[in-house]
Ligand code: PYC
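Coming up is one lone chain in structure tokens, specifically the form predicted on its own.
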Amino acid sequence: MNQAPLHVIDSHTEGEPTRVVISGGPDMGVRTMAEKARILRDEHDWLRSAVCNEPRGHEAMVGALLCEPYEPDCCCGVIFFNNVSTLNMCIHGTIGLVVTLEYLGKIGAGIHRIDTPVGVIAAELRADGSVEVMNVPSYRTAAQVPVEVSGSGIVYGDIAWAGNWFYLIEGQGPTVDFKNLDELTAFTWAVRQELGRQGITGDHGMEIDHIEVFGPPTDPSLADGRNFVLCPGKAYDRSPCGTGTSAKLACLHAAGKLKPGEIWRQASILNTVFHGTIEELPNGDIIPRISGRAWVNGESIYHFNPTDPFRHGIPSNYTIL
């Protein structure tokens, strides 16, 4: 029996792509989004690979499976994934999802609740087309944690949770500039590998799979800092990274450098900008609010010819027999 086609809509958020699967995905029943994410990862990884891997995708592609929400007050549920696995949370992807839902005529301007594997988030589609996402509670768990990296010596970074685990490095490594992409990738990948080897993790032993390097902005009138973010699949984030910006806000707040109502403007390696503000929680954590813009730029139907050896994508561990 032939497999049903997938209907996908593409967008980019400040340069970073999102591909939303709006129909054709597996029926995972009535379950929490965390349970659905596990089922997608363990039983239907073909969808992730077909959407994000070549020949349809590429290393920077982030996918989003539109689902029925488990929480009744949500407009939809979503599971994010990339070229290697599912993702806990993705703010640039949420911004892309919101403009996709608007494109489909499913939502208009206003605040919309979205069910994700790490909890319910809220996103506001504004009249000017920008989107503000209220992220999950975020916090810095440790400051200036040392890790020894071959060729770079002792590197120091903060560890923070913002829907994903981050190791945030300030003022070390290659200069944060687009011309240094190869050097920045090699440096951050080496840091990530050493974090694992040296047993440095997030809470409950969770892997730190995002590495973020900061430098000064190109234009201080437009941004307060510039970052390079290495994502789990070894691709760099073209946007300023929504969860990465949230992690930065958590670190700034923990260091007494950011108060509620103050705006942090985070530039990406492409010099696109997210704006971030925070709300304080009684336990000292924060609720980040991240705003940016996305544009729908494509729509496709994916077919799965049973004679096509790469109909489900070229796997990262592909070997020629």
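Residues carry their position along the shown sequence, with the first being 1. The structure displayed is predicted, hence computed values, not measured ones.
Missing here is the form predicted in complex with the ligand; even so, the following discussion is about that form.
Note on the partner interface in the model of the complex: the residue among Asn227, Thr188, Asn164, Asn83 having a heavy atom within 4.5 angstroms of the ligand is Asn164. The partner is absent here; in the model of the complex, the one residue of Ile79, Ala250, Cys90, Val213 having a heavy atom within 4.5 Å of the ligand is Cys90. Put simply, Cys231 is close to the ligand in the model of the complex: some heavy atom of it is within 4.5 Å. With a 4.5 Å cutoff on heavy atoms, Gly242 counts as touching the ligand in the model of the complex. Stretch 242 to 250 is the contacting one of 242 to 250, 178 to 186, 140 to 148, 110 to 118, since its residues have non-hydrogen atoms within 4.5 Å of the ligand in the model of the complex.
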